[in-house]
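Presented below, as structure tokens, is a lone chain in the form predicted on its own.
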């Protein structure tokens, strides 16, 4: 006679809820970006006196954790490129033999956005949902970093229609910055997402950084594009 094994109801409910939470984060990732895409972004750093410095970046991303970007402007930064593979990041500077290792909390543009923000991998790669609650028309997610190498140990994400509206970023129990998403735009190919990301920090009072997405579309990309050897050649694949 065959034995029938029964899973206790409490265990079944626990794992069902855990998978449901992870599914929410995966939905957010896919609403923000296709799994493989290219984009053009303008990054603007604004100082307390109103002075601005602007960068234009061409970015490609494949899978959940491969990201490469090429600086198109200003002229002083043309040809620089960055690569992120999971937790590892590099900066290539023309004229320097080897790409330089960079840290997630540093900033290649010198603004409030750090390298982790600029070279964002999927949220579901770095975070797990600890809890969630409804507030008016928003879903509030409490996210915990999966390991100590993640730039922020905790995120409080306000979500509407599977898209982030605001993210509060914490490290060492301190609010490091707040990122606000705005101006929902139809980029075509079924991609409808915020076109603007703006960040401020209580640690950098009066400073602000903004990312504006001008173009974002799906694109099949080779794994070879996301290697240290290919960093000086990113310009070759722009269409």
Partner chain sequence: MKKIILFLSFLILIQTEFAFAQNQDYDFNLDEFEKKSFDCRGYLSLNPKITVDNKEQRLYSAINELQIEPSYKKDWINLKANFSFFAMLYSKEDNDYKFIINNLYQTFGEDFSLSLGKQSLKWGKGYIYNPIAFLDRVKNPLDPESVREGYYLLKLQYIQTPEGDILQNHSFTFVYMPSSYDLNKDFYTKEHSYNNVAFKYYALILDTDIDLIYMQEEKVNKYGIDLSKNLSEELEVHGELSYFNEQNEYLIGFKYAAPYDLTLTTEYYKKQGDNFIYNKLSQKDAFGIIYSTAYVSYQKNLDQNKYQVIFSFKYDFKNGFVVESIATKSSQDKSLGLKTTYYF
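Just so you know, these numbers come straight off a predicted model, no measurement behind them. Positions refer to the first chain, counted from 1.
There is another form of the same protein, the form predicted in complex with its partner chain; it is not shown, and what comes next is about it.
Contact check for 125, 133 and 205: none of the three has a heavy atom within 4.5 Å of its partner chain in the predicted complex. Taking the partner from elsewhere, residue 85 is found to have a heavy atom lying within 4.5 Å of its partner chain in the predicted complex.
Its partner chain in the predicted complex comes within 4.5 Å of no heavy atom belonging to residue 166. Using a 4.5 angstroms threshold between heavy atoms, residue 140 stays clear of its partner chain in the predicted complex. Of the heavy atoms in residue 161, none are within 4.5 Å of its partner chain in the predicted complex. Residues 56, 72, 73, 75, 76, 78, 79 are the ones in 56 to 84 with at least one heavy atom within 4.5 Å of its partner chain in the predicted complex, listed in sequence order.
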